[in-house]
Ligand code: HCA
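In the block that follows, a single chain appears as structure tokens, in the form predicted alone.
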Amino acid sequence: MAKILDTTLREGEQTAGVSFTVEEKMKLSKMLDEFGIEMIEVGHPNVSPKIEEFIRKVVKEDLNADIVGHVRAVRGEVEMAVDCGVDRVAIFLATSNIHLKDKLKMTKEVAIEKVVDCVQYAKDHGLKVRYTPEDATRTDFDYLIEICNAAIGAGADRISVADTVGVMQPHIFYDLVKTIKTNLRPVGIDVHCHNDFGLAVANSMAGIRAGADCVHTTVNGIGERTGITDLSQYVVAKSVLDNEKLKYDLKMLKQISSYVEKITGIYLSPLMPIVGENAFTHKSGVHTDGVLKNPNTYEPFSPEMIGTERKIIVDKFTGRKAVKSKLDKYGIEASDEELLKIIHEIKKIGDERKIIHETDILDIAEKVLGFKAVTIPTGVDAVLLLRLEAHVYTTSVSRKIKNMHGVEKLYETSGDDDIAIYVSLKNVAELNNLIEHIRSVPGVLSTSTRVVLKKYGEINGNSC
């Protein structure tokens, strides 16, 4: 079974606008280790004092995963990685003509000398060594084999085939990795696939089928430009599509994804495969009917597998089964005729606006049935006070919240709280839903709610 090297803490932190604290990195390292990742790439120790501090700190945690430092083919940087006490060092130097000529101003011969010198030094100091020929997929093949074999001869135990600008296609990458493996001395082979054309996961899977034995991933697929292979997509695809029994704790995937979403401030698209909000959300009447009868009709795997749950959306597309399931949730019984009337009213509202809340369904049911189906306190106004994490840009959070249902006014404030929100909602259930929605926004550290007991209205156009 192929191993996983997760590089969220190195490649992931290279995402535009992302910077982790030492504490956030420590927490994520432990989560990845608990998940079962074999190798965790922790960054370049020479980039900043905080990165070096984190590497020295995580090394002392004695995690099950190998801790991998990442450095250029520069003797001083390798020395720093050795001094930090990492288990492995990943040494990279570009090999394509465009990189050697235009970026590095270096001959092919000098490049080989630098790689050999650094690999030998790391090996002599007891580290396992990976050599990464950056931009490998655009490198002259014969030279690629030459420099990689030189690195292996110097002591490298792994070679990483880096598709640095994401130009591979699965069938081409399969052939390339297979040919590389055939022409190299015995060595472990990693694949590092960028997602510029949306093919990172597919290319990674092709590389493994071709003989590679380690895939590089990041949580939520973050990284330079459009990122690299997404952890959740890769492991679930291997588990479900390749029917491979994995040792990873897949139930942690949603938890890990949500944590990285929170500390990066990068909202996932609802359409994100596996961990996106819509991954197990069903709306069409035909779909909801099928899922309620047998989830396998419209789900390739169960949401419980990754620690999440399915959602049934009720709106103008809704069928009888979906509405009945919502009413059953509240212990409301309705005849077939009453159910049709409820569905008719739901469709009318659905044509008027985008979202139908559960309280709308209950209101409709009560009108059709002619009695109070569920008792929920109504008419609630409140002030919500939000505290944000120190590194979060307040306005970025405000923009996500200001258009949420029920939010009437929003203020960015000084003092202990960063944001104050005035909300007006139909009932306590809606207030609870809004609070949970706000708490899920990355960067929100805590919320405090004050229910309004009296409101004096406006005098001369001014609130008082």
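All values derive from a computational prediction rather than experimental measurement. Position 1 is the first residue in the sequence shown; the rest follow in order.
A second form of this protein, the form predicted together with 3-hydroxy-3-carboxy-adipic acid (HCA), is not displayed here; the remarks below concern that form.
Residue 162 belongs to the set of residues with a heavy atom inside 4.5 Å of 3-hydroxy-3-carboxy-adipic acid (HCA) in the predicted bound form. Contact between residue 261 and 3-hydroxy-3-carboxy-adipic acid (HCA) in the predicted bound form is not found at the 4.5 Å heavy atom cutoff. Contact annotation for residue 92: at least one heavy atom lies within 4.5 Å of 3-hydroxy-3-carboxy-adipic acid (HCA) in the predicted bound form. Proximity of residue 10 to 3-hydroxy-3-carboxy-adipic acid (HCA) in the predicted bound form: non-hydrogen atoms within 4.5 Å are present.
Of the residues given (134, 77, 381, 213), 134 alone sits with a heavy atom within 4.5 Å of 3-hydroxy-3-carboxy-adipic acid (HCA) in the predicted bound form. Only one of 282, 158, 194, 238 lies close to 3-hydroxy-3-carboxy-adipic acid (HCA) in the predicted bound form, with a heavy atom inside 4.5 Å, and it is 194. With the partner left out here, 3-hydroxy-3-carboxy-adipic acid (HCA) still marks one of 265-273, 125-133, 310-318, 325-333 in the predicted bound form; by a 4.5 Å heavy atom cut-off that stretch is 125-133. Residues are counted as partner-facing when one of their heavy atoms sits within 4.5 Å of 3-hydroxy-3-carboxy-adipic acid (HCA) in the predicted bound form; in 13-50 only 14 qualifies.
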